[in-house]
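Below sits a lone chain in structure tokens, taken as the form predicted alone.
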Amino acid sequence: MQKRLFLHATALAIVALAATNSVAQDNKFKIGLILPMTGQQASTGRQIEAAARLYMAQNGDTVAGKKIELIVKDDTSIPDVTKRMAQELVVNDKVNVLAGFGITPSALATAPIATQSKTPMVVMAAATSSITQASPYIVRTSFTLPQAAVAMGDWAPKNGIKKVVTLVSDYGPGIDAEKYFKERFVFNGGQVTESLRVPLRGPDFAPFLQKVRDAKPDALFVFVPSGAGAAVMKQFLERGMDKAGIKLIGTGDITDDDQLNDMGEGALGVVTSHHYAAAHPSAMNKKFVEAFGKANRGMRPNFMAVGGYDGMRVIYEALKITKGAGGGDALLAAMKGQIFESPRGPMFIDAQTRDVVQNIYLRKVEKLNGQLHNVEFDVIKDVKDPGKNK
């Protein structure tokens, strides 16, 4: 009972303080960017912060008469920490927008705060289908795992892959990837002989990969969060699974552009499905990759970076549409339905689901100018989240 009263009091305090936001802001517009800057998902935080700062450098820090202030917090990918930081940002810092969210549990932990305080929450990374349903104030600019997994479930059986073992991290996005890949792959005549789930924290892929080697499927389908792909690739090659004729396929997280060059020649030929690659051949992306590298000591942007970059665009444009006035509801309304060209290609925010609709590309790891890249060879256009069609 006491806990319930405390939670109720906290919720009322958030609502009351949020109501004073617009008065307290003066000419500042504050974005609270909560990211994993340390720990297992640190590359996600590094990429998104770099992209957000690049967008500000390119587009100025004043929009509709408001001075943009970016407040970056490191939640180390621990949902309780994310929630506490979101609460502090809303109550103490009086932010206008919450953004970032490296992993699904962190986004879900923050959703009630966004709802109670009527603060738009721009999810730039986390990719479980259900996230946007956790609060009417959530808008997503990253991707969903079903979008990427379904494309691979269509491609694999048409390309000689009949038997597959799936290996995913055991949390929301992994379960989404497993489910939507398997449904589509089986529908297309394929067979999933085993579904393996690896703990999210401190994963050891070795015993799982040994199991796969013994099972001798045509391919291993993998989803792991951004930053963990290199470990999977290393152990896959160490066990000689490629030599044993087992193909590695999956969503683009396993051939993450941030790590791909360090994976070595063994990564060549790996086919993945995803919404962004640094090698995407558009003029806009070439400029983005060049500017990102210049601003970050040659770092290559990955799919997390593009989620952060486009997230900032959605916030900036919403602020322009509302002419710098209006609270969370006005900003949210201005975010819905935005259509634009991104470094990833054309995309829009579905006004009904508040989720991203975008192209999904099939890519193969190849050498370009002496470097390893995900090179696109096919595209499925304007993909909505299949998880919302159920």
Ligand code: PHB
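Numbering starts at 1 and follows the sequence shown. Worth saying up front: this structure is predicted, and the values here are computed from it rather than measured.
Quick note: we don't show the form predicted in complex with this ligand, though the next part is all about it.
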Do residue 173 and this ligand come within 4.5 Å of each other in the predicted complex, heavy atoms counted? yes
Is the gap between residue 128 and this ligand in the predicted complex 4.5 Å or less for some heavy atom pair? yes
Give a yes/no on whether residue 75 approaches this ligand to within 4.5 Å in the predicted complex, heavy atoms considered. no
Classify residue 303 as contacting or not contacting this ligand in the predicted complex by the rule of any non-hydrogen atom within 4.5 angstroms, answering yes or no. yes
None of 233, 145, 86, 167 but one has a heavy atom within 4.5 Å of this ligand in the predicted complex; the exception is 145
With this ligand left out of view, which of 312, 103, 277, 149 would have a heavy atom within 4.5 Å of it in the predicted complex? 103
Proximity to this ligand in the predicted complex (heavy atom, within 4.5 Å), stretch among 91-99, 222-230, 206-214, 67-75: 222-230
